[in-house]
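For reference, the chain that follows is the form predicted alone, supplied as structure tokens.
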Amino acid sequence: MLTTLINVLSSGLIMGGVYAIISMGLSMQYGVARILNVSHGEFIMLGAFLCFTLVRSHVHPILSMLLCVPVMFVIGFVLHRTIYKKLSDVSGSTAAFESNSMLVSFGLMFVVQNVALLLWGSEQKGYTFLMRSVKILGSPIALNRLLVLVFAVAISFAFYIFLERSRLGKAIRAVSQDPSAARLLGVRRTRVAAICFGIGAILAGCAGALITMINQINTSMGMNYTIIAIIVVVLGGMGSIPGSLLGGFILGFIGTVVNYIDPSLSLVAYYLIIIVLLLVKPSGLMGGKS
């Protein structure tokens, strides 16, 4: 019984950490750039396959993840400065831009998925990394899973400190809370939005790289993670970074418990959470933007 409890708790922490990273990226893209990026899962998949390709080229998995950071940022930044900026210029209002950008991200999702399919195929892929285990309270836990947890928590903490302490982080929070006031203070909203989109892509890529260390991957994995990210963002509060952290860990624990009982019920449980939350507290656990 104790072994099962420890396994469930550790798995919940690990997946919660990964979900938190995934949802923080999506939350930032929506909270600042006003883009509900439904192609977010494809960036996770892209980060996973970039890491996998580097590992197969004899690069250490952790170094592979670090190398993915600038690549993912450039992809996200360029996408915003080209497609989404042009879309913002031609949209008549913020509401029209939000609707149009979501439609564009649907198209982007299929483009990225099909390009990945051409490059890597449809087969499951993976590699072995730190398969040794250590005992915690008498229960064996794989070292690779512990490492993923450590990195997930470290990335989440570093990102939170960046938002709270850095000059750019304060600009991001200002744009998120009041774009008009931020513009009066000299904050260039368009540039900050592009940077946020790039940072969101970095977080997605890091999550994808961490996933490769513990699970197999495939080119159709993106949609499931997009659904999870959207559920976490709604759970925590749209645009709320602390809410995404909290929501990620909550969903990780609930998913692990339900998966232990019956793996086929995981998504059902997630949707039930959202239905109940929207009926009881539509603003989410943290009540909106950070």
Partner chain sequence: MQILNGSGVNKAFGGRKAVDNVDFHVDENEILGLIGPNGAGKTTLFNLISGAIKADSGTITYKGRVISGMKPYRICHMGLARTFQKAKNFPDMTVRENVLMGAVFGKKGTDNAAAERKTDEILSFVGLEDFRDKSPGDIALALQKRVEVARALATSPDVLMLDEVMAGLNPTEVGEAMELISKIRGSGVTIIMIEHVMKAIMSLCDRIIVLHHGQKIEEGTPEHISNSKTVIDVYLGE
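Because the structure is a prediction, the values reported are computed rather than measured. Numbering follows the first chain given and starts at 1.
Form predicted in complex with its partner chain: not shown, discussed below.
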- Of 145-153, 203-211, 69-77, 184-192, the segment with heavy atoms within 4.5 Å of its partner chain in the predicted bound form is residues 184-192
- Please pick, from N218, S139, S133, Q177, the one residue with any non-hydrogen atom lying within 4.5 angstroms of its partner chain in the predicted bound form. Q177
- Message: Under a 4.5 Å heavy atom criterion, is A171 part of the interface with its partner chain in the predicted bound form?
- Response: yes
